[in-house]
Each structure stands twice: as C-alpha cells, then as structure tokens.
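First, one chain by itself in structure tokens, the form predicted on its own.
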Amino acid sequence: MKILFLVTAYNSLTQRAHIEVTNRGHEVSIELAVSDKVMAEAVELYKPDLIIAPMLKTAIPENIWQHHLCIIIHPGIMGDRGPSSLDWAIMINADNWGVTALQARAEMDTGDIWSSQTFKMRQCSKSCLYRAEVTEAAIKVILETIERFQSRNFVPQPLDYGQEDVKGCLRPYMRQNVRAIDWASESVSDIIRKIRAADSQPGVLDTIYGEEYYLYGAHEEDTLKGFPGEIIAQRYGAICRAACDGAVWISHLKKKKKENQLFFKLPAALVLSEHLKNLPELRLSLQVSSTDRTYKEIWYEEKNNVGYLHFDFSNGAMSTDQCQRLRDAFLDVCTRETKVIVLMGGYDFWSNGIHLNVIEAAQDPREESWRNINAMNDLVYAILTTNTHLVIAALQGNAAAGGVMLALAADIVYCRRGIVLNPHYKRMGLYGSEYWTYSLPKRVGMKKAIELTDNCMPMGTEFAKKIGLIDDYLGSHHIIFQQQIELIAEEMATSPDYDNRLTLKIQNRLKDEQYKPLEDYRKEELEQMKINFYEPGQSYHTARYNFVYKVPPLETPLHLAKHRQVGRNLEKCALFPFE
C-alpha cells in the first residue's frame, strides 16, 4: 500500500513511524508541510492509498481531506482537542493520557476515531514523555489504523461526548500567563510541573536579572535553600533557583527575541555567565545515587562485579566539557575492581554527538568545533583501548551521528527495542570522526558502512541487528530493558569464560593496531573534518546555523520524498538537520 506522510518535521516519532510502516511492507513517501500548495502537489504526484500525519502542526487543506482519507495522530485521549494537549495533561497532573488517530475534518480534532491507546503518565518533561510513552502509543494506533483501513469493513467511531470512554475536552492553546511562575508563593512541585509542561517548546517565560528568558530542563533539589527567586548555585551549566519550599535546577535558557535579534537554547550558566562569576560551582561525586533529587549528568552505580555509568545529556548533545568529564569518569571507573562496565547513556538519548548549540555560541565556532570533536575522539579512544574490562553499550534512547559511533566503541552493543539510529553525518555537512572508519566497517563491512553514511536514512533496531551494527535489541520498555541488561552483564561478569573473552579482546586490539594504528584512522578523519570546519564555503556552518536557530527547510529532502525523486539529485539529504 502507498502511504503518504504529511509532517511538520521529520522528528523522532515520524522517523519511527517511517521505519515501522516500511517494515510491514508498505511504501512510504514523506512531504514536509511547508505550504498547502506543496501538500496538494505531493498528493497529486504520489497518488497515495492513505495519508497519515504523525506530527503535523498545521491543518491539512480541505481539497485534500475531502478526496482522500487523512489520519491525524493526536497526542491526547479520545475527545481531547487543541494544540496544547500534552502541556495540559502535565499541568493538570493527569494519571493517564493517550494518543488518538482521527480522520481529518474542517474543525480540528473532531473527526471520526480510527484508533486510540492510553498510557500511564510519568513524572517527566513533555519531550521525554513524547519520545517514550507517546511514541509507543502512536506507533500502535498508526499500525492499527492501517490494518483497519486495509480490512475495508471497519467503521470509525464518530466523536460523541456522550460515550463513556470519551473523556477528553476542548482545551485552549496554553499561553504564557498560564505558565508564569510566582517564585515567592509556588511550591517546587508546581514550578517543576510548569517547566516540564513547556519542554522543549515553548519554554516558560520568566525574568532573571531584569531580562526575559525562556526556562527549560527542571530538576528537583532536595537540600539547597535560599530566598525565593534567588539563584543560589550552579553545576555543569545548570543554575539552581530557590523557591518558597526548596529549590529547582534549571538546565537551559533561551533569551526572549528582541526586535530582529534571535536567540537559541543554551546551558543556563553559560547564558548568565556575566552574573554568576562569584557563584560557587557545586560539583557532585560520581557515585551520587540515581534516586537523589538533584541535577546530575553523569553518575555511577555498582553491583555484582558490574559498573553502570550513566550519562544523561540534554537532547544527547555532548559539549567539549561534557566529553572530557565523561572520559574522566570512564577512566576512573576502569580502575575499580569490577569486570564489566555498562555505558547506560540517558533515558531519552544515548548520544547525538558534538554540541552544535554550544559551538554556535562560541567566539570562534570553527575552533570550538575542533575542540569538541577532539574531545569526543578522546572519549571514544579511551573506550576502544580499554583492556581491564569488557564494555557494554546499552542504548536506552535514540542515537545519531557521532553518538552511534560512540556506542560502537564498546565490545557489545545492545539497544532498547524501538529506538531510532542515524549512523551518518552528511545531513550536517560533515565527514565524521569518532573512529567511525575503524569501528563501523568492522561491524558491517566497508560497502555497507559507505552506504549507511551516504544514504542519510534512519534505522530501526531490527535492521541494525540484521546487518550486524548492533548485537541485539531487548525489551521495548525502559525498565524491562534495564533489567535484561543487568542479567546479561552479571552473567558475563561471572562466566567461566570471562578471562578468555578479555584476553581475546586484548589480542584482537593488538592485531588491529599492528595492521593500522588507531592514530591513523583519527588523523585521516580529522583531515576531512578540518576541511569541513575551516575551509570557506563548507555546508556545515549553514546546516549548523539552520539547526540551532530552527530554520525550517524550504522543501522536503529528496531522499524522503519518493514522489519527487524522478530525474532529481538525491544528495540534498546532506543539509537536512537532525531533530
């Protein structure tokens, strides 16, 4: 069946839906909804059997939905209507929420219901909820809707608020006056909820040192206290702000737009650096408990001869400082009396490589790009050359570009079922480094490595295992995945074959080094990256700017729009940025 996706962005949900629907034998083409004309043109060119909008912020034109079945994937329970669905679900502290597949109609979110799934709400940010529970529910309703459409005998349910299972309602767009924080009177829990309901868009507008900023990335703080509204500490780029009954860490800020001046999201302490010169940097022990309520990016847990190194960086971006701190933490963990190290990454993301926002904010982005990629390489090198432990990469969340190559530095790679991998750099105009020319061909062969880095397409876990990119994929739920990883790691640590496996690993690394030193791979990759960073006219700087400032593409990249590929050059994938 030919299915057309109309989307605002090729985001993580759209990528996952693309993978899942294609895996079931359907042909999928994608059109970015840059205008009504473009959407209509896509329908005319492709002549789809079914149109699905997994993530669409604009209305489908009437001349399309009147003549074609168009399914809108709405992140709300049956009867929920409005553009701020998840925001309200978090703000009202709903116990359960859902995703509903609706038939497009003139009045938004009022069409017949084709499928609906519910899930238990988790105490987390909107973006985290979207990438986990919402995505899993959305995939279920998309696949069920396709099956029901193919059956030709399914009758969708009209929206009827008289029905017992229709519990939603029309809610307005959530404006900043609703999100506003009163630091003098509101509790930590209320403040946290407001900021989480606005992650990653639009943020909560607030005033700090007389300037207006949008707040992102809220974390509870159990011990620090101060005068409400006062910034009382900083840690690894985050700021801690006192409330009436405790304190809240805020990881990122974005200055409000001024006239023609645009700003983008950055670590909060970097944005406020001029005001924080005398504010102490409160560092954490590596072995802070995962249950301690405070702001932490890197922490370590240990049991039964296995060490678990967690690193949870916002959106998977890793700055020079973060790479250096993670490398230091890894080297420290390697000195411990354990046998297996598990690199756990974060809940949302494993890693997406270098930190483009911090690079863009640097006085010389070229120099900061160079520092950042070398810091990433130092981290990858430390993992590749580990001779004291067996190392497992446990990918709970999505990974892209250098983040995928970071995972391949481990001896064994496991993924949570359903995550999305993007093992390529071209969309950001980069050749790539992180020793990918060593680790990727070693797993998939040179031909497939070139294909993966050239075609700019996302990959699901089933295909990643099939080609040997990863060793296996485990449970789709985070908790089940973590439990399975623990069983595997502990079994590995206690196996009678452990010493033989470690010895073989060391021998293979020595053979590889004799054939071609890792330094040669690094040097060759960095020669290409130096061109990307420093030579004039390179697409990387334009692609980075567009990514950081959220400049929408003017047209759909050809590698996604099958209906536009005839006689066209597919290299346009090079400038299509990551989510």
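Only a predicted model underlies this, so the values are computations on that prediction, with no experimental measurement involved. Residue indices: 1-based, along the sequence shown.
Just so you know, the form predicted together with coenzyme A exists too; it's not on screen, but the next bit is about it.
Chemist: Picking from 313-321, 283-291, 175-183, 92-100, which part of the chain touches coenzyme A in the model of the complex when contact means heavy atoms within 4.5 Å?
Modeler: Stretch with heavy atoms near the partner: 313-321.
Chemist: His18, Cys456 and Ser539: each with a heavy atom within 4.5 Å of coenzyme A in the model of the complex?
Modeler: No residue of the spot touches coenzyme A in the model of the complex.
Chemist: Would you mind picking the one in Lys265, Arg325, Arg196, Lys296 that has a heavy atom within 4.5 Å of coenzyme A in the model of the complex?
Modeler: It is Lys265 that has a heavy atom within 4.5 Å of the partner.
Chemist: Counting non-hydrogen atoms within 4.5 angstroms of coenzyme A in the model of the complex, say which of Tyr414, Tyr213, Tyr438, Tyr425 makes the cut.
Modeler: It is Tyr425.
Chemist: Is the gap between Lys516 and coenzyme A in the model of the complex 4.5 Å or less for some heavy atom pair?
Modeler: Close contact is absent here: in the model of the complex, Lys516 is far from coenzyme A, nothing within 4.5 Å, heavy atoms only.
Chemist: Can Lys126 be called a contact residue for coenzyme A in the model of the complex at 4.5 Å between heavy atoms?
Modeler: No, no contact at 4.5 Å.
Chemist: Consider Phe349 of the chain shown here, and say whether it contacts coenzyme A in the model of the complex, taking contact as heavy atoms within 4.5 Å.
Modeler: Within the cut-off, so yes.
Chemist: Report whether the minimum heavy atom distance between Gln201 and coenzyme A in the model of the complex is within 4.5 Å.
Modeler: Yes, Gln201 lies within 4.5 Å of coenzyme A in the model of the complex.
Chemist: Residue by residue through 348-363, tell me which have a non-hydrogen atom within 4.5 angstroms of coenzyme A in the model of the complex.
Modeler: Sequence-ordered list: Phe349, Asn352, Gly353, Ile354, His355, Leu356, Asn357.
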